[in-house]
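One chain comes next, on its own, written out as structure tokens in the form predicted on its own.
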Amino acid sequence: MYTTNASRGLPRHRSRHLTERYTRWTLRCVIATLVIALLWLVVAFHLNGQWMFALLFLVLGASLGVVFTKRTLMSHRYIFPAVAGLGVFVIFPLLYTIGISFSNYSSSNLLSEERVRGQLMSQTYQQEGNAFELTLYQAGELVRLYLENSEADTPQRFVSSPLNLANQETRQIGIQAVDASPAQEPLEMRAIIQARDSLQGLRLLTPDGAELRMAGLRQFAPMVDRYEAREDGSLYDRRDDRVLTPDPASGFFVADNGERITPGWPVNVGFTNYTKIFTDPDIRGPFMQIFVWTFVFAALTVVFTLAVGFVLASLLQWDQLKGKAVYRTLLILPYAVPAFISILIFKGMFNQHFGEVNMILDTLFGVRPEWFTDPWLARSMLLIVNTWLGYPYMLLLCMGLIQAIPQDLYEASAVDGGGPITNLFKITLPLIIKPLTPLLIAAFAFNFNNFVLIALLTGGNPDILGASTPAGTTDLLVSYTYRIAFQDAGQNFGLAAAIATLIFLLVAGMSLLNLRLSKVKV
């Protein structure tokens, strides 16, 4: 009997062993596939010159291989996806932004030095006095080009073989010298306009080896390479007779007279962007104004939303109030409506000419405030709208905290003759302010970076006069950074990254304070 049970248990043991082997090998195959895919990304980004992204995926692939192959690191496998996601979507963008802040990366300094050199070397210019007038002649279903230079001492005339101008590809066509123009009637100007894209792709090769390209709507001319590379790395400008020298400090080719030739390439500029924020008067003034307004806006928003939410929460705890459920639902509705819808509705209501707010104020008091053009009124409007959007959150918090207060305290206060005001300042506020503090700091940090409200309601306007960067009186630091990076004509990504880094340090400091307060509370 014992042998039979053993013989019956053996297949189950083998089956479990085989299942574990298949699972282990399947996991290894999946890990190997992921590592190979990451290594392929490393090679792809390296070949495209994106060494930072190549380094990111190299570290990610190496970490994946080490964590999932070493038995001693088995406990880290479960948290590895979260850590990898944190590294890819939080830490790497942060480090990348900090790296950009130490460069002159902008719309004028986007390409690498090699690509800038190649772009300049590809430029051509037209030789003066050698333009040929273009005329088209019909040749069956095809078209023949006729070129004539009548201004030269010895007129030159060339004609092409019949061409299909429906073909817009770049191609080289040989042309032949002739003594006179074709006898037939030329095609109208409309035909040249219709075939302009095809004509721009033609490279006409004369019998003496000169190459003619389209230089105008009715002209072809010999095009000469503008720049000539020299052994020392400089470029000679044939058209303007000058030498362009690469300047590694500024990231531009610089002419003899100091003129910078665009485009340039990114170079390391150290702390220039950071010092510019505090030393350049055209940047320091708007930055400090926006910096102060950002703190004031975030602080007042927290104060106003807390005040409204706390008062309403206290009223909803009143025992004699009927229909509390209905009131709660109505008061929380603004929290359920998407913020961008509410903001756009308020933008229409505050319209200076047709908005309901000004219509009411005009009817009652005879005034029509300029909400979007006066800086102080625009800021007041932002606070009003943001208070409306944020008070339901404070209402929910205060309702939950007030309900957690023991009723015995209020009953004891009533015995001692305490009224509603006494209960408010002696019992309710002291008991809810400590657990509320970390949440208030979190609300402050959120409104510190409240980009959506500014972008949809005012766009940062009205503008700050005299600023060298796009800056508005209602801009927050985050919207100011966005406008520098994406709305400025120069698109100064380096300066925007420096400001973004400062914002990160401020928000990180507030987050650390929040954690410390939460720890003290526990």
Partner chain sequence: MAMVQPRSVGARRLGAHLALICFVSLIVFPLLLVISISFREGNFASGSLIPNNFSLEHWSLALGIPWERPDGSIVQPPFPVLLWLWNSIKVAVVSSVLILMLATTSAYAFARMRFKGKEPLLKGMLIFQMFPAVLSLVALYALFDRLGQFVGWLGINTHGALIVASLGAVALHIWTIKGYFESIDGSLEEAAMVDGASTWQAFRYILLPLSIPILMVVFILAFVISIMEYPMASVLLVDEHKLTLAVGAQQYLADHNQRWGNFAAAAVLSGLPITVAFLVCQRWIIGGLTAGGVKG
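Computed from a predicted structure; not experimentally measured. In this text, rigid core is short for the largest set of C-alphas that superpose within 1.5 Å between two forms. Numbering follows the first chain given and starts at 1.
Same protein, other form: the form predicted together with its partner chain, not shown, and the subject of what follows.
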query	finding
The single option of Glu114, Glu228, Glu356, Asp241 touching its partner chain in the predicted complex, heavy atom within 4.5 Å	Glu356
Proximity to its partner chain in the predicted complex, single hit among Ile433, Leu364, Ala82, Ala177 (heavy atom within 4.5 Å)	Ala82
Heavy atom of Val66 within 4.5 Å of its partner chain in the predicted complex	no
Contact of Leu18 with its partner chain in the predicted complex (heavy atom, 4.5 Å)	no
Contact of Arg71 with its partner chain in the predicted complex (heavy atom, 4.5 Å)	no
Partner proximity in the predicted complex: Lys347 to its partner chain, non-hydrogen atom cutoff 4.5 Å	yes
Proximity to its partner chain in the predicted complex (heavy atom, within 4.5 Å), stretch among 492 to 500, 28 to 36, 58 to 66, 466 to 474	492 to 500
Partner contacts for 395 to 418, taking its partner chain in the predicted complex and a 4.5 Å heavy atom cut-off	Leu396, Leu397, Glu411, Ala414, Val415
Shift of Thr262 between this form and the one not shown at or above 2 Å (CA, core fit)	no
CA of Ala442, rigid core aligned, shift of 2 Å or more between this form and the one not shown	no
Arg203 C-alpha moves between this form and the one not shown by 2 Å or more, core aligned	no
